[in-house]
Each structure stands twice: as C-alpha cells, then as structure tokens.
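Single chain ahead, by itself, as structure tokens, in the form predicted alone.
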C-alpha cells in the first residue's frame, strides 16, 4: 500500500506507520538527552497515545524508567485503512521500550466506560502493584452516557455571541474566514460532560476504593489558559467551561487524596502545541503559528516532549514549581510573558492572509502537524509501498 496524506477539516484521516515509528524514535532520542527526573514510579496515563499524554509517557519512561499503563481508544489497520496514528504510536512505543527495565501495558478501548475501568483495576491489582501517578489527558469529542445509553457529543463554540476571524486550512495551506456560532445551553452542558472533570473523578475514586494507590500518590490533568487572542473561542467558549469543570474537580480530588493517601491532585496549564485536538480548534492554528515564530525568535520555544519533561522534572518531582493564585502549575509561563503575548497579537494582526506561510513558526507548526501523523520525514520514501501485512504482526502487550 502506498500511503499519501489525507486531511479533512484539519484532521488526518490516515497516517503512515513507518513515519509513526520515526516519530516515536525522535521523541525517545530527545528524551534520552534529558537529565533524570527522579525515582522509578508506577504510572497510569488515561489518554497516552498522542499529544500531551504520549509526551508524558515517554518523558517518564526514559526519565525515571517508569512502569506505564496507557488507556486509549485507537483503530488498527483494516482493508485500505491505515489505522490511527495513536494505534501505531502505542505499537512502536512498546517495540522500542521492550529491552528497557520497565513494564508497559496498553488498553485499547473506551476510557469513559465502567468496563474499561474494571479491566485496568484488575490488571493493576494482579500484575502491576499500586500507582504513584495518574495522568488524565483524555481528548475525545464524544462520550457515552452509561445511564441513558446515549452518545453525547461536545461542541467547539463560543458562548453568548458568535466569533469572526480567520483560521488556517492546513491541507490547502490557505487562510480562510472564520465564523463560529454561539452554543446553546444544551451544547455547553454536553461539552462539560464530555471534556470536564467527572470522568477523572470517577477514575480516582474507583482506584482509591480498590486499594490501587500508593501513599503519596499524585494525579495531574492538563488545562490551557492562553491569552486574549484565543479567549472567545477557547477560554470563554464551551471548551473553557469544560476546563473550568476539570479545574474544580482537582480541588475535590486533592481533598480525597490528601485525606486517604497523603497525596495531591494537580492542574498543569500547558503551553500551546500542535496536537490532533489543538489544530482542530478554529483560529488556534494561526495563534500557534505566530506564537511559535515569536518564541523561536526569542529562543524560548519548546517541543512538546521538552515541555512535559520540564513539568515533571522541575515542578511535579522537583523544587522549581511555578504556581498561580489558584495553585495551578504554570508550565506555560514563557508563552504568557507580556512581551510574548504582545508580539504574537501584533503578528496575528499583520498576517491575516497567506503571508503567514512565510513565517518560520508556521513551518514549524506544519512540520509538527505532519510528523505526528507519520508524514514529512526526509528519511522515508513515501512513494514506496508499505507492507501492512508484516506490520500487523506487531502486537500490543
């Protein structure tokens, strides 16, 4: 099978398996260059097949030889379908960690479901030992309500008034007009149900009740705050409502873990990066391209792996935590510097057309976008067929 990129609405509908292996190898190579994080931990990552979750898994696996369990919902190859990028990320992560002194386990299925929670808990109790860290990094557009059986979908919309502006059509590399409608009250409620904190809370309560948590356990989830240029669509929109619910949940979990396990629950505000979720959000591609350009110019740009490595080494298990008044870990402090935000806003205003593709930041964003789906690597011949039958012999533990 010869595999070429297929993109619809800033989402890849395919991936290149050999490129996914190169993507994983690059992350591992970068992780190996970092200094050790701390003592070995048992880690559960809910949503660890891509984005922040995958970067966290690799940072911890190579920074402290952590034992990791990942729960993610990915599709394998079938017929002319290549399988999802996350599916191959899991495959190749295990392939390239099997000779290291750690245990890595993947569960492929619905992390929201009671059945999946029970399966993971059974595995922990039988094979893994108690957990030291739980990372909640789930990115999903839908969640089944197990009470009613209905599939509830989130909506990326504004609240109150519609928004107008521009975004980047990544497949065509064009700047296009942006119109985002205001959400209904039902859409706001549904987005909070899918993307808020209730599932994170259920996971931790179940793990605690089943004696799966070590003394001093930590749990962390990722939020994004951003600046005024993304407020209308992100922080003040439906996603922002879900993030606020997630952040409030951290307070409840902190009390639970502190009382029962001498542990803590943390929220980390992450830097804007290229993930399958971020490029789907209207206007975010323009903001990310301009932000990357500014931060590269100032010498403070970070890869997603370096960003998460710094979170765990300096803040979660180190002595250099930067916290705001809400107690959130502000790993995004470089992005949020006033000079960075001002320069980014100025660049966004000046590059409202296809001139944006002349920026180094745009090229870096596009490279990340293609690389995370296995495309754009110079050492891979994309005109050569891929032996999918041979690749399908690789299995997950």
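None of these values were measured; they are calculated from a predicted model. Numbering follows the first chain given and starts at 1.
Note that the form predicted together with a small molecule isn't included here; everything after this is about it.
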In the predicted complex, residue 243 touching the small molecule (heavy atom, 4.5 Å): yes
Contact of residue 110 with the small molecule in the predicted complex (heavy atom, 4.5 Å): yes
Is residue 73 part of the interface with the small molecule in the predicted complex - any heavy atom within 4.5 Å? yes
Answer yes if any heavy atom of residue 49 is within 4.5 Å of a heavy atom of the small molecule in the predicted complex; otherwise answer no. yes
Since the chain is shown here on its own, which stretch among 126 to 134, 268 to 276, 310 to 318, 166 to 174 would lie within 4.5 Å of the small molecule in the predicted complex, judged by heavy atoms? 268 to 276
Contacting member of 191, 201, 229, 223, with respect to the small molecule in the predicted complex [4.5 Å, heavy atom]: 223
The one residue among 305, 183, 294, 195 placing a heavy atom within 4.5 Å of the small molecule in the predicted complex is 195
